[in-house]
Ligand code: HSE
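What follows is one chain in structure tokens, specifically the form predicted on its own.
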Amino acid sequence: MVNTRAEAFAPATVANLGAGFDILGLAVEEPGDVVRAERRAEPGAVIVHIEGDNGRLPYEAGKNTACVAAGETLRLLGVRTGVTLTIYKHLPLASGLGSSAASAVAAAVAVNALYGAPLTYAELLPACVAGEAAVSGYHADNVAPCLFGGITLVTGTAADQIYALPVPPGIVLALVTPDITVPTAEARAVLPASVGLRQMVAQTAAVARLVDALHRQDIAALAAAMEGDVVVEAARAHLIPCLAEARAAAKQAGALGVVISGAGPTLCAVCDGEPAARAAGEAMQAVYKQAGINSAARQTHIAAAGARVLQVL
């Protein structure tokens, strides 16, 4: 029997983990994007419908991450037929939660499933990276955890350059997204072209402490190391309103640390348990409410697995 339709889910991600710019990321259990792929006789991938983006995402094949990833997956599969895509956006755009990566990964996984899933996730990685590159540059700090799940160390864009790191039990994240947008291009444009020797030493020390804390399953030490970023946050802080106030409020409510998720503006509070995460999220929301900024808060866990097939028909 020939499959005619497949749907896949790909989770939101928190890139950088504070100190690990472009080399660290994690996947969360929710939210995430869903992409449906259906066969068509003509070659290539086309988008027929996008839901949940308020009309902001392009339908053009070369400008949409899902369409690019789907097209690359078809090429890897070596098939002559094509697919139509329906994208269900459950991630806010330009929020620092890996929205473009999630669409790319969900599309690649759905297309692969539609054709019988002959490719492994490692083999799908190049297609996902190509999709992300269409809008956010050629890097895998969002794509890798989104595809594979867990916490990943990303030293390149090939599968053998992605390393799974331990996930401490009991860790819960509070994610608060203020109702503003921070385009990735803008967030990258403010970064310094070079850093001093002392900054480099401090930054690499923070990453080393972070990896050590993960292996020791020490959530408090992990949170402290994540906050050890002395390069990227300093350059981007002015793009995130109420960053200092939200961090202080969250930590007073029980969070162990707060960092910018990806390019922002979402803030990620690291907590030891559900009650602390709930309180931290509410505290950050209260800061934004006082500033006249709407925000969305959610508590979530780190996803042990990444993208997954929802159905094949």
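Since this is a predicted model, take the numbers as computed values, not measurements. In case it trips you up, residue 1 is the first one in the sequence shown, and so on.
In what follows, reference is made to the form predicted in complex with this ligand, a form of this protein that is not presented.
message: in the predicted bound form, does residue 188 come within 4.5 Å of this ligand, counting heavy atoms only?
response: Answer yes; at least one heavy atom of residue 188 falls within 4.5 Å of this ligand in the predicted bound form.
- request: Find out whether any non-hydrogen atom of residue 262 is located within 4.5 angstroms of this ligand in the predicted bound form, and reply yes or no.
  value: Yes, contact at 4.5 Å.
query: Does residue 142 make contact with this ligand in the predicted bound form, using a 4.5 Å heavy atom cut-off?
result: Residue 142: contacts this ligand in the predicted bound form.
message: Check residue 21 for me: does it contact this ligand in the predicted bound form (non-hydrogen atoms, 4.5 angstroms)?
response: Yes - in the predicted bound form, heavy atoms of residue 21 and this ligand come within 4.5 Å of each other.
message: Considering non-hydrogen atoms and a 4.5 Å limit, which listed residue (184, 86, 203, 157) is close to this ligand in the predicted bound form?
response: By the 4.5 Å criterion, the partner-contacting residue is 184.
field: Option from 195-203, 71-79, 218-226, 133-141 whose residues, in the predicted bound form, bring a heavy atom within 4.5 Å of this ligand
entry: Of the options, only 133-141 has residues within 4.5 Å of the partner.
- request: Go through 208-244 residue by residue and record those having a heavy atom within 4.5 Å of this ligand in the predicted bound form; state none if no residue qualifies.
  value: The stretch 208-244, when checked against this ligand in the predicted bound form, contributes only 236 at the 4.5 Å heavy-atom cut-off.
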